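To begin, one chain is listed below as structure tokens, in the form predicted alone.
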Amino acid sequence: MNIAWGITGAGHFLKESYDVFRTLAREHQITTFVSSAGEEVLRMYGLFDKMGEISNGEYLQELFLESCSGRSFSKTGRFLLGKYDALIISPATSNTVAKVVHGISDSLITNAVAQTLKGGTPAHIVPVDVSGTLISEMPYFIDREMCEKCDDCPPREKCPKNAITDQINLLKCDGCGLCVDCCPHSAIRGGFVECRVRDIDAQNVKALRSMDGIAVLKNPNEIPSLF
């Protein structure tokens, strides 16, 4: 089957989504569409350079970046031509969900959803902010209470992306984790944070569920059962 995968700028569910699509790519052709924020987050979590394992660049297995797509998002026209059997957005940020619910298609991902619905292809969306609270994985950061501000800082000196000063520049970081291992004070780590879902975001997910042509999934692990 030909599957289109849309990635937005959420860290929550990102690694789980990657693992699911890497498995699906063994039997299906997958084209990946990545928003500008999604591209940044893929790099932060060390996944961007691994995307070739899912979308190797051949026809219907390309990696399309919003940052390289212009403003017309011409590649989303494939959905009108029936090139894909399904579009799956996982993870979907609250911003993306809100735009889809209100008919806004001003990004690569929301435009893909709009063209998918117009073309009659089923769309499946895995929202991040559904209800209650969620535990989300954070990219690497410097714990200021543990950092000794060493003049000779091994993480800073060995970072291949020059992403470390007194903090980690997440727009440069590619999530390699080298800094974690070489900090003598264990001041660099990832972690998890508890986030409360806003009422407006929960309401938008509820509205999303009522839209024709869209199915809302609770977790990326539900995706394989679609195929």
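All figures in this text were calculated on a predicted structure; none of them were measured in a lab. We number the residues from 1 along the sequence you see.
Form predicted in complex with a small molecule: not shown, discussed below.
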Inset, instruction - Select from the listed residues V41, M51, I188, I164 the one whose heavy atoms reach within 4.5 Å of the small molecule in the predicted bound form. - result: V41
Inset, instruction - Would you check, heavy atoms only and a 4.5 Å threshold, whether S90 touches the small molecule in the predicted bound form? - result: no
Legend entry - Interface membership of N95, the small molecule in the predicted bound form, 4.5 Å heavy atom rule: yes
Legend entry - C182: touches the small molecule in the predicted bound form, heavy atom cutoff 4.5 angstroms: no
Legend entry - A37, heavy atom within 4.5 angstroms of the small molecule in the predicted bound form: yes
Legend entry - Options 151 to 159, 75 to 83, 112 to 120, 125 to 133; stretch whose heavy atom lies within 4.5 Å of the small molecule in the predicted bound form: 125 to 133
